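Let's start with one chain on its own, the form predicted on its own, as structure tokens.
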Amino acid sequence: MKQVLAKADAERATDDIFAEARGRLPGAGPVPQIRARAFDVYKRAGLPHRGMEDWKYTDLRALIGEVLPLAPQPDAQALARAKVSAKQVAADQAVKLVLVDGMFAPELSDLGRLETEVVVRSLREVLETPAAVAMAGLLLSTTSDSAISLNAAMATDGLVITVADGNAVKRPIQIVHVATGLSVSTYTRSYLQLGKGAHAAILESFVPAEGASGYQANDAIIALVGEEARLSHIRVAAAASDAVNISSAIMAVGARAKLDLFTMTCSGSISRYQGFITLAGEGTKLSANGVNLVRDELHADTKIVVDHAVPHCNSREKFRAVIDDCGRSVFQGRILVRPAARKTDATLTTRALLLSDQAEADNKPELEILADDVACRHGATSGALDDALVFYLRARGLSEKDARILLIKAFIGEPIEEITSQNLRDFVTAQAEHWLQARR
């Protein structure tokens, strides 16, 4: 009975949070009704829990218990703290776009450095214009996933980025999400559209400002990649040690296009990245890779679903996890081959490196093949560092710590090397090395 009452109390609290926030949420025309429907979808399911197959390893109902109140609009002091954090994680040559506590901060962003081929607007601006009538359903789309539906209901801001047909964006665009609050929640949602033959690289960084603690971040990005286009999307989550980060990506890729994905989680308390990628045009190629760097009691969950909807598509997934202390890493990879998707070529591999006796890795690779004439493979392994290799390196003058770092770097290097941009690859490598050097 206590569990039932606790669940009911949490649901009432979330109802109150949505009711109080509605006056602050942007949206003209049908947007308020779309938000209400999205919240109803969330309410029917509630916080994700182990009874949901996709969330069986990450029971948010047990791990966080409740949804925190919406963060206030950032004031001058919050913006000043966010400016410091955004500068610290700025990638070389990237154009920086900063979101603070769920709100776009143009004064902290490099809008003047945007190339003419790129059009950037805030989600708030778009939802409050007549264009919202035509785009609201897409911008605030929901799924059966309750975290995504809650994001649609509560999104305060985000970015709407479009690249027209045939344009190649030379500099990476870095979206920096900065949290400054204490025990609050933030919701951002961005939309990216690449026209036919367009090229772009997007880096998303999640960081706390000094003093930020106990917050919950729920982010989503929707991407439409046109025919013959190429998109690189990289996510690096380095939240506060007691924070929650839930990130979702919903992407559809057109014919003869190329999509490169990379995600890395290296701090926080609870992290979940979920990517839903539909290969919707023939001749599409997908490279999806990731690394979880887990220590202390961090719970890091990565779920990637690749839907081969049409024939002649190719997907490659490589995921690595390094787990220390009492950390837990989860990887769920699912490849779905539709009945019409003959000549599919798909590979999924996941490997975990356990650095302590208390470390835990849960790997769940899946294939669902509904077509003939396909080539699909998957595999999962876990183990510890090879003591013989550590001894070999120490015999050649390395300290034990440096020997272990070198072996771990080699272990995670393969998915990182799949990042096509040298600048972004260097950025990710530096973040990984910082985690490695900070290990006790």
Partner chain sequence: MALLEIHDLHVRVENREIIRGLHLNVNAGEVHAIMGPNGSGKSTLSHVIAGKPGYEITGGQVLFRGENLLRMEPNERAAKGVFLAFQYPVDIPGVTTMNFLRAALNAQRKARDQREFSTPEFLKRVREVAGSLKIPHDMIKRGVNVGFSGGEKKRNEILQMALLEPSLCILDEIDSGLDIDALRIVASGINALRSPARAMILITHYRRLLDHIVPDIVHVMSKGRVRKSGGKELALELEACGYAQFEDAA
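Positions refer to the first chain, counted from 1. Because the structure is predicted, anything quoted here is derived from the model rather than measured.
The protein also exists as the form predicted together with its partner chain; that form is not presented, and the subsequent description refers to it.
Only one of Ala36, Ala375, Ala62, Ala410 comes within 4.5 Å of its partner chain in the model of the complex through a heavy atom, and that residue is Ala410. Put simply, of Leu406, Leu68, Ala371, Ala45 only one has a heavy atom within 4.5 Å of its partner chain in the model of the complex, and it is Leu406.
Stretch 395-403 is the answer when you ask which of 27-35, 395-403, 375-383, 46-54 has residues with heavy atoms within 4.5 Å of its partner chain in the model of the complex.
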